[in-house]
Structures are given as structure tokens and as C-alpha cells.
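The chain below stands alone, shown as C-alpha cells; this is the form predicted on its own.
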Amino acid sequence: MLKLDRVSKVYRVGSFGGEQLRAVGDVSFEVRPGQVVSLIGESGSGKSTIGKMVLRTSRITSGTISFDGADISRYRRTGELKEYYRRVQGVFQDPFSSYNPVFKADRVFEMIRTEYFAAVPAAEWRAKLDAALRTVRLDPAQVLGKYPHQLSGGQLQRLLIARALLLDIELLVADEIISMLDASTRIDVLNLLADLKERGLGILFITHDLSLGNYVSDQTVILRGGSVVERGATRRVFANPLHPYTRRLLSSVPQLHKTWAEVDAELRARDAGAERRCAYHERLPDGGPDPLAAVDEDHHVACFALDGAPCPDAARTPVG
């Protein structure tokens, strides 16, 4: 369905745009129907930039993003983009920013109706709207006709998901959609995403929270500095993290039975004694669509050198 092939994004910065900033570099992965793929990384790792490129709100610099085999960067005509957005939609971190506070929340549905369902009779539209709301576990009588400030963040987020479902979408880009919600509401939204996945919806789940990615995703893509350092089936990546950055991320997940000081001391001791040799430099493919080394079935890892630095082990015999 969705395929990214060595996608990069470079911004021009500095005086008169004389310098370049690479936000994303050579990123490759796929999202298939009925599959949740988590993009995981710290702030500034390029997660949201990738989401924006998939949604066509930011242009790619190089590489290709294809949807059902068609290069979406080539879409120029209004009809092509309209059809793309009928099939691909996004929901973002702050639900309140998607609503105009002077209008009732259901105005987002009227905009969809005007653009895509203008010929649908009122009774049929109301039935379709009610069905979409009930799919996301909302009672139409409790949410329609309300202003955004009268609804919770969880309700507003589910309204946006319902808006996307009205279009019978095939891919949802979910960018940090639960980071601003309380714990109980987070579980509701995560379970909703799991239900939508079972119905065949592909989901690109963008998050900085590894525990959430582990809970909801089939595939995991670990990003650092705009590049993929590890990618594969979630169960393999979490059970056997191979890249030092992935290991550190997993080790940094809060543990209820340890204090922060204890965890930090363990990390420092492990890093001090670890042999930071790269086992994968010699296995990296020479060109082609995938810049990572295949180390197991559905598990790929980057060279330990990061941010464009030369691999310190390039001249050594690879271990493992």
C-alpha cells in the first residue's frame, strides 16, 4: 500500500538559505493493509517530517513515496490530490488545534460533506455520520452540536478519527495522537486503533513512547537524527535490539521498581564496559532500495556509525 524508498528531506537554513539541514535521510519502509507501523524516536528524529511528507504537506527532497504503486509526489491536479486524501488522512498531537473555537465541533464533518458527499441526501448522511461516530465509541447525541471547549481531548481526537473514517480511508497517519490524553483515554484510543487495524486499515503510528509502540504495532522503525537505525517486526526489535541506540532507548523506559538514579547508573556502567564494535558494516548493501543490513528474517539494522560519520569499524572484520 504505502512504500517509502530512500526518502530524504533537506531544508535550506541560515542567511539567504545558504546552508542545508538534513531532517530525514534515506528512509525506507512499508505500511501494508491491516498493519500498524510505529515510527519511534526522540524529539527531532524526523518522525513528524516523515508524516508530513506522506500527507503531502511537505515535499520530499529525494527518493519516492508511493501509494498503491503511484508516486504521490507527482500529483499536481486537484482531482488527484482529492482522491488521495479520500484514501489517506492524518490525525495529530493536539486535537484542539484542529478545531476553530468559534464553531461547533461538528463543522469538521460539514466540511467533509461539502467536499465529498454534496449529493448525498440529508437522512443518508446523518446515518453515515452516526455510524462513524459509533465506530469510534461516541454517542452522537453527546458530541454533536457541542463547541470544542465543551468536549474532552479524547472526544475531540475520536471525532477526528471518525471524520477520516467517513471517507472509507485505507491509511491513517497518527502523529503522537495520544500524548496529550490522560491514561484512561489513551487506552481507549489505542484499543480503537487496534479495532480499525482488524478492519484492514493501515496505520502509520508516530510516537516517542516505546511502550505504546510495542503495545499497538506490528512493525517498528527506530529513527535517530533522521535516519533509520533499526527496523523490523516489533516482537523481534523489542526482544532482540541490536543497535546501541535502540538498546539505550529500551533501557530508558521508566521502571516502577527502580529509581531514575539506579537506571542512570546502570546505563553508564553498561556503556562504559560495552565493546562498541559494529557487526553490520560489512553487511550493508551497496546501493539498492534498502540501506540497512538484513540480520534476520524481518529484522534490519544500520551500521553503528551515526549522523554521517564514518564507521569506526569499517576496516575491521565484522563480528557476529
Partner chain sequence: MSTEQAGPPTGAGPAPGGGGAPPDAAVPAGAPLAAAAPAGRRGGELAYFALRNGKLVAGLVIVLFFLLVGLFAPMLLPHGPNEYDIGPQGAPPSAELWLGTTRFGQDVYAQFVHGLRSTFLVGLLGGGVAFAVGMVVGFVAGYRGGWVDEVLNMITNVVLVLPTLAVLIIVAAYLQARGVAVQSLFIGLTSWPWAARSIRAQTFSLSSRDFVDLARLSGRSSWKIIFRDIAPNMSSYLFMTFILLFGGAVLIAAGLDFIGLGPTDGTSLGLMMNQAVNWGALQLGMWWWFVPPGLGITAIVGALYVMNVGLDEVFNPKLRET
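What you see is a predicted model, and the numbers here were worked out from it, not measured in a lab. Numbering follows the first chain given and starts at 1.
What comes next is about the form predicted in complex with the partner chain, which is not displayed.
Option from 97-105, 199-207, 219-227, 125-133 whose residues, in the predicted bound form, bring a heavy atom within 4.5 Å of the partner chain | Answer to the contact question: 97-105.
Let me know the one among Asp139, Glu115, Asp168, Asp71 whose heavy atoms come within 4.5 Å of the partner chain in the predicted bound form, would you?
-> Exactly one residue meets the criterion: Glu115.
In the predicted bound form, Leu55 touching the partner chain (heavy atom, 4.5 Å) | Yes.
Applying a 4.5 Å heavy atom distance criterion, does Val120 contact the partner chain in the predicted bound form?
-> Because no heavy atom of Val120 falls inside 4.5 Å of the partner chain in the predicted bound form, the answer is no.
Report yes if any heavy atom of Gln150 sits within 4.5 Å of a heavy atom of the partner chain in the predicted bound form; otherwise report no.
-> Yes, contact at 4.5 Å.
Using heavy atoms and a 4.5 Å limit, would one call Arg231 a contact residue for the partner chain in the predicted bound form?
-> Although the partner chain is absent here, Arg231 would stay clear of it in the predicted bound form, with no heavy atoms inside 4.5 Å.
In the predicted bound form, residues of 76-93 near the partner chain [heavy atom within 4.5 Å] | Contacts from 76-93: Lys82, Tyr85, Gln89, Gly90, Phe92, Gln93.
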